[in-house]
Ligand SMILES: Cc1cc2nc3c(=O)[nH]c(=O)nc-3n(C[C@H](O)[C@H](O)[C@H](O)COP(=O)(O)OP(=O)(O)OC[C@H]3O[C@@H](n4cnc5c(N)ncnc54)[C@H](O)[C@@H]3O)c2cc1C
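Let's start with one chain on its own, the form predicted on its own, as structure tokens.
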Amino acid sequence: MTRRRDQELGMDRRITRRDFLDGVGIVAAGSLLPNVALGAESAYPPALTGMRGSHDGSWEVAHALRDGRTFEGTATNERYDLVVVGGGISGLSAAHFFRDQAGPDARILVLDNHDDFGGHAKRNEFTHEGRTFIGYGGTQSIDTPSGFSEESSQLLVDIGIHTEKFYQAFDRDLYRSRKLERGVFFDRETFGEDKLVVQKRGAGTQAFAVQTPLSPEARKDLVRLSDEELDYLPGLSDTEKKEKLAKTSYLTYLREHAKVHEDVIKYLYTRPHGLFAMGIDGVPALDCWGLGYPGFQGLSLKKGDAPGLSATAKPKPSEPYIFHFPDGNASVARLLVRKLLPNALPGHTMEDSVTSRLDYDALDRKGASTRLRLGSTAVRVQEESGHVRVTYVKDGQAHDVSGQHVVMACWHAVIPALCPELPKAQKDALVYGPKVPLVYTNVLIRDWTSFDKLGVSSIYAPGGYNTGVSLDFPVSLGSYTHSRTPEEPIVLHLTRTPCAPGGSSREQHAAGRYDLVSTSFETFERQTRDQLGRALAGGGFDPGRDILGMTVNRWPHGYAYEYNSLWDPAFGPGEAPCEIARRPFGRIHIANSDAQAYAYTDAAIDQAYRAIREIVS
């Protein structure tokens, strides 16, 4: 882009800090914040902006370990009943379950490599003219709590979460009352022109298609695919169709069976990005049927579970998607911390936790029975006579602590480097499923009048840098009040999942990770400003004027890997890599959602419960 265009986007506005990258090495952490509009306290992790998620300072030690560096720890004489490696929801849940069993005097240490706890459940705060706006930087919502296990459901109650309260907290009528719909932004690079098209509820595919810049042939094929009941797999039984769909990508299904125009494929290509971090070339057609994508209504498939259907696409109890704190499931982590360390988070209810300021100095106080130590990267976990020695690096220094038991609630892929004594089969299983890269970007804007004028609350951008843009969930809880009118500031949530079309899931995820660690905050900022400016131009949006702050939550190691019937075999009972990976090894136990190959909060909690049950039984 030209310097003039950068000025139009607001890239020249006065800033406090900005990230830059030199090749793949991050050299400075920071943020783009107009001093005149925003105030952020650098010492308070949720209020830090710029490049967050796997932020600068959180990954370097682990990468050095991966590259063969060894660390010798200095003995600290710290002894614990349980050491937990990983302070995400699974690690915090493990500490909670253990203390429930061992009693309040049990000595517990939780280590985490980030400057904030919660793992992928991260809280983003912006402050503008004395008002705080909260967004979610990772794990989004408590998805279908009625389907949670008894243990996960009880944990929510134990920490003060009563999901029925969201029926009042989540305003399902706010955007609907203003007649805001879902929009699609067709960009000129992919579709020949920039055009935002509103998908009006109940208007039908034909009314939508005629407004798009798709060719007449593509519009006709889109209507056929969406509305007509045609059997594209004739002569096959229900079982045979599902077996074929499990081994056929949605891209192949559209091209070879539905035979749609390539413009339709461009339109649908990135639709599964938010769930799978891949396009339709890497997602089984069976999953797309389970998720309600177009093109299957004429196959007369029996509803319900089916062999090969991924965990994400399997049917769930019918329940509204409203169980969302303003910071997503970061509040689950905060309430777990309140339960473990009551002095760290003032208050007593789920409502007051939203606006309570957490005292990070209270997390690791000497003499406390439970301690949470941030900025501490585990580099060695080794069982010795009657205990486990854990070596971690903090502020450049390696230290040793001792635990009667250890729960590894970190990413599975790092465990073989931490525990080289593990059996080869278990190591292979631990690295079998690569983490799935993704980016959640939160942007505070001056107002949302542009969305209101255009009649949209969310935008799908099939060719965009970010494939999804949406106004924040309208949740008001306790003293926190969501933006009520278009003239108020609001947080926008954007999703990006870089990948490499055409490769296997592992190849695509590896390419996505490289993309994320080699992309500067400046690039994220410029691309996001440009995309918002173009998509919302018809509503009067000016990125140079209207963007007040931006936080990019970069997760090169994001979602837990879910098995994909295109690339993974059907595993028998007990034979899935996640089942082999989570086997206990002496006093070392393994948790995290990776241990269930299911990228959801209840999986993280359930696996923590299983690990602690192994210890106490």
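For clarity, every value in this text was computed on a predicted model and none was experimentally measured. Residue indices: 1-based, along the sequence shown.
Not on display, but discussed next: the form predicted together with this ligand.
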- Query: Here the chain is shown alone; which of 155, 111, 245, 443 has a heavy atom within 4.5 Å of this ligand in the predicted bound form?
  - Reply: 111
- Work out which of 286, 82, 469, 378 lies within 4.5 Å of this ligand in the predicted bound form, going by heavy atoms. 378
- Message: I'd like to know if residue 411 sits close to this ligand in the predicted bound form, meaning any non-hydrogen atom pair within 4.5 angstroms.
- Response: yes
- Report yes if any heavy atom of residue 592 sits within 4.5 Å of a heavy atom of this ligand in the predicted bound form; otherwise report no. yes
- Answer for residue 512 alone: is it within 4.5 Å of this ligand in the predicted bound form, judged on heavy atom distances? no
- Task: Classify residue 508 as contacting or not contacting this ligand in the predicted bound form by the rule of any non-hydrogen atom within 4.5 angstroms, answering yes or no.
- Result: no
- Note on the structure: Exactly one listed stretch (539-547, 89-97, 347-355, 517-525) reaches within 4.5 angstroms of this ligand in the predicted bound form by non-hydrogen atoms, and it is 89-97
- Query: Even though the chain is shown alone, can you say which residues of 586-601 have a heavy atom within 4.5 Å of this ligand in the predicted bound form?
  - Reply: 592, 593, 599, 600, 601
